Every structure is written in structure tokens, then in C-alpha cells.
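Only one chain is included here, represented as C-alpha cells and corresponding to the form predicted alone.
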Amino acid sequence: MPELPEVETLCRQLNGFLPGAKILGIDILDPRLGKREVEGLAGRKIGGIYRQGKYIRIEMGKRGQNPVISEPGKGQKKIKPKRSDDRLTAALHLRMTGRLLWQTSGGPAPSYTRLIISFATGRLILIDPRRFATFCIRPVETAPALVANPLEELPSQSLKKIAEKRRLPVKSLLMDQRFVAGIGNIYACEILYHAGIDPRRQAGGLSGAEWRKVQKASATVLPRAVECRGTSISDWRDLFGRSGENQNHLEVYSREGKPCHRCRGTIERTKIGGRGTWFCPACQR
């Protein structure tokens, strides 16, 4: 599943050229997405594009005034034309295998295309083999707030207080989207490795100093992954179809049986919350 660095990569790439562009049309190629979601979007201009957790949020500005369809009859009040001047946000979650592709040339859509948004300069394509990705339209004001954006700062004191009230492994807490926005399996493993903390430990047992280590580790792991345009282990590609490069910097994820880069111990794999978890038992305490 694309995580924070992958989604942040897409948002930054889209913000490089899409704000101000007018939507010419939207084609829904998968009925699971629902056609009602896109009614009335043609003609709106794109505002800012930003990440909220693992969501891509695309703001769409106001449209112009609709024409008067008919004149009122005798004794009727003149009806003012309605304005569709509410700002909207398209919320896109890529889920397991979704990805976005920007295409400037014509030709057929790629395999597994579910959604196409057309602009004068090209088209934005949602590709999703497993059809889990979601796309919905909301008023700007209803965009939900999330507790922490770890790309800015992981709030160690807040997480310590949250952890004290719950009995769960520290890795599970980092991946809980109610508390931390955007960290998934790959980066939870990497952050805890850099912090030197065993992912199996009860989150409530971590000291303030240990949570500060987690905070510092996230400030290293996540920005580097964004600079590398994400981690391409299987099917992740950026907006222009290129693989990411962060897989070249992974310390523990998917390295079972290989030597630890820090202590030369052996990387092990276990399951936490049903997810594969890689760690070094020798130097993660």
C-alpha cells in the first residue's frame, strides 16, 4: 500500500503543474467508484493539492454562474440562476494497488484504468488492478483532521499519553491512522529500527526519552523516503511512471536472515497485528 512518502510524492508532483487547470471532463470506467461522485465537476479549476494521512486531497474552486433555463410565467417570481460556487475537495485513497499516472499523449488508457480526469494539457489516470482505491467528493469544510502529521513532526509527548491508555505493540500504535497520519508497515519497521526499539514492546511501556528517539527517527526516515520518491518493492510508481529509490536505503524491511547494518546481528521476521514485521533482536530493545 502506498504510504506517507509515496502519497506525498504524488502531491508534490501534481502541485508542480496542476493548480489553476480547468477540468474538461471526468470518465468513470469502474462502476464501483459511482458516477454521482463526479457530477458537476467539469468546469471547475484545481486549487491546491495536499496530503492528509494517506489521502490525496484535490481542492476544486468555484464554477461560474449557470444559465437561466426558462423565463417565469405571469404571476411568478423571477428565479435567480443558481450558483455552483461551493468549493469542493476530491479525496482519493490509493489503498492496496492504486496509483496515479499523468499522460500527455493520446492513445488507449492503460490496463486497469478506473478513472480519467481530463485537462487541456493532459489527463490524470487512476490505475488500480485490485479495485480497492476510493474517490469521493466533499465540501472543503468537512475534510477530517488527523492527530499527527509525522512529516512535519511526530509529537512524542502526545503519543506517550495516548500509549499509556492502550495495550498494544508500539508498531501497531504508529500504524493506527486515528493517531498518526500516514505511517504504514514499511516505515513503521524502519522508524523503530532507527530508534533502536523492539516493535513488539508495549507502547505504554516506552519512556519519554524513547518516544523522542521515535520522533527523531521519523524525522530521518520519512523525509529521505520522500526525496527518493517512495519505495518500489512491487508495483509503486510515481506520477510519471518511474520507480522510487528508497528501497535502496531500507535497513530492516524485507531483509529477513540478512545481517544488521548496525550490529551485524541477523534480521528476523515476525507478525504483529497480522502484518509482517522485520527487526533486529540484537540492537532493538
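This structure is a prediction, so every number in the text was calculated from the model and none was measured. Numbering starts at 1 and follows the sequence shown.
FYI, the form predicted in complex with the DNA isn't displayed, but the following is about it.
- Proximity of Met1 to the DNA in the predicted complex: non-hydrogen atoms within 4.5 Å are present.
- Using a 4.5 angstroms threshold between heavy atoms, Arg32 counts as touching the DNA in the predicted complex.
- Contact between Phe119 and the DNA in the predicted complex is not found at the 4.5 Å heavy atom cutoff.
- Among heavy atoms of Lys271, some come within 4.5 Å of the DNA in the predicted complex.
- This chain is displayed alone, yet in the predicted complex one of Asp235, Glu251, Asp27, Glu245 has a heavy atom within 4.5 Å of the DNA; that residue is Asp235.
- When you look in the predicted complex, the only residue of Arg63, Lys54, Arg57, Arg255 with a non-hydrogen atom within 4.5 Å of the DNA is Lys54.
- Comment: 89-97 is the region of 89-97, 152-160, 192-200, 209-217 lying near the DNA in the predicted complex, near meaning a non-hydrogen atom within 4.5 Å.
- Residues Arg166, Arg167, Leu168, Met175, Gln177 of 158-181 are found to place at least one heavy atom within 4.5 Å of the DNA in the predicted complex.
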